[in-house]
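Below, in C-alpha cells: the form predicted on its own, a single chain.
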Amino acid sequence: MKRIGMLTSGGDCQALNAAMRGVVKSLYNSGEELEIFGFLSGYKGLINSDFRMLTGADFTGILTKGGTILGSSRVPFKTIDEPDEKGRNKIECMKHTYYKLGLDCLVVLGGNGSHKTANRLRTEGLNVITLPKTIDNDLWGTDMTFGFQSAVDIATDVIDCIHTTADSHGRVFIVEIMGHKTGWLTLNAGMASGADIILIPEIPYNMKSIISAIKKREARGSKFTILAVAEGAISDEDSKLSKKEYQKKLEKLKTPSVSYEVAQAISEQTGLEVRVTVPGHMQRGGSPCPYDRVFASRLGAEAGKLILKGEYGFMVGYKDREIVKVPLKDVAGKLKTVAPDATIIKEARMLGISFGDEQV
C-alpha cells in the first residue's frame, strides 16, 4: 500500500490535471494499492490538513481539463518561516500533516517558489517528488515545463489577431505577454506570430532603438508595427537601478505597466497611434494543447515510476528530448533565463526582429 499526497501550488496553468492523472494512472496500472490524499489550495492544504481522499474515478475525464481539480494558492517561500495567521509554524504544520497521514511521498506540482518549499521539506526529512509547471518555462534543470506550450499558443493567437486590425488602421500595437523575470513566453510567441519588436527582461531596451525600428519599417512602406512586450521588460536606464530603487519607481508610475509607458513614449516621439492589448490570465487558462497533454502525462508516468522505486528528492524534468530526474537541491532557487547571446536570439535578429537594444 502506497499513501501518496498531491498538491498544486502557485499560479495555475494548463495540464496540471493531465500531470496528476499521469502519476495516478501509472501507479494504478502497476498493480500497486493506493491511498491518494489531494491537498486543497496548494501548500495551504498541507498546512491546514485540508484534503480530499481521491480515487481513480477522480482522474477520469480530466486529461483535457484546464486549471486544477485540487485548487491552488501562493504561500511565498520568503515568508515560509514566518508564523501564519494563526501564529503557527508553517513548516512544522506541513510535517505534522505528512506524518499524521502516514504518507510515503508528497508529489508537488509547481514553479520556482513551490520548488524552493518542496526542497525545504526534503531537507526536513519528507519524501518529495516534484513536477515542473509554469507558463514561464523558467525552471532550472528542465528544457521544458508543462503549461508553456499552451500559453505560447494562446499568446500567439492574440498577436495573430492583432495583425489584421493593425494592418487595417496603420497603427502601432503593443501586446503585453506574461513573464516578470524571464522572456521565454514573449520570445516564442513573438517569433511565432511575426512580431516586429520583442522586449524581454533579459535584454534591456532603449527608446531610441525602438523608435528607429519603427521608422525603418515606415521607410520600407510598412503601415504598422507590432511589439510583443514581456510584463517584466525593463529599460537600460532602469536596469542600472537597484531592486529597491526600481520598485519605488514602479510604485510612482502613472501608467498601469511598462507596455503603457512604452506606448506613451512612442506616441509622443512619433505622433503615431498606439494601442495596448493585455491578454493577461487568458494565457494560463483553457484546455491544454496536445503537446502539453502528452508532455505532462509522460512526466506524471515517470514520477509514478520513481515512487514505485522509492527514489525521492527529485524533480522530473526534460533534457535533450528525454525525461530525466533532477535532484531537487540542484533546482531550488535557480532561474532559467534567456541568454542575450542565445542562438534563438541571434536567429531572431537575423529575421529582422528588434530587441530594442540595437545601436542607433
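Computed from a predicted structure; not experimentally measured. The first residue of the sequence shown is number 1, and the count goes up from there.
Another form exists, predicted in complex with a small molecule; not displayed. Remarks below refer to it.
For residue 144, no non-hydrogen atom is located within 4.5 Å of the small molecule in the predicted bound form, even though that partner is not displayed. Contact between residue 134 and the small molecule in the predicted bound form is found at the 4.5 Å heavy atom cutoff. Within this chain, residue 100 is remote from the site of the small molecule in the predicted bound form, having no heavy atom within 4.5 Å. Shown alone here, residue 88 lies farther than 4.5 Å from the small molecule in the predicted bound form, counting heavy atoms only. Screening 241-249, 259-267, 114-122, 178-186 for residues having heavy atoms within 4.5 Å of the small molecule in the predicted bound form returns a single hit, 178-186.
Remark: none of the three candidate residues (153, 293 and 321) comes within 4.5 Å of the small molecule in the predicted bound form, counting heavy atoms only.
281 is the sole member of 223, 281, 254, 220 with a non-hydrogen atom lying within 4.5 angstroms of the small molecule in the predicted bound form. Put simply, of 96, 275, 215, 74 only one has a heavy atom within 4.5 Å of the small molecule in the predicted bound form, and it is 74.
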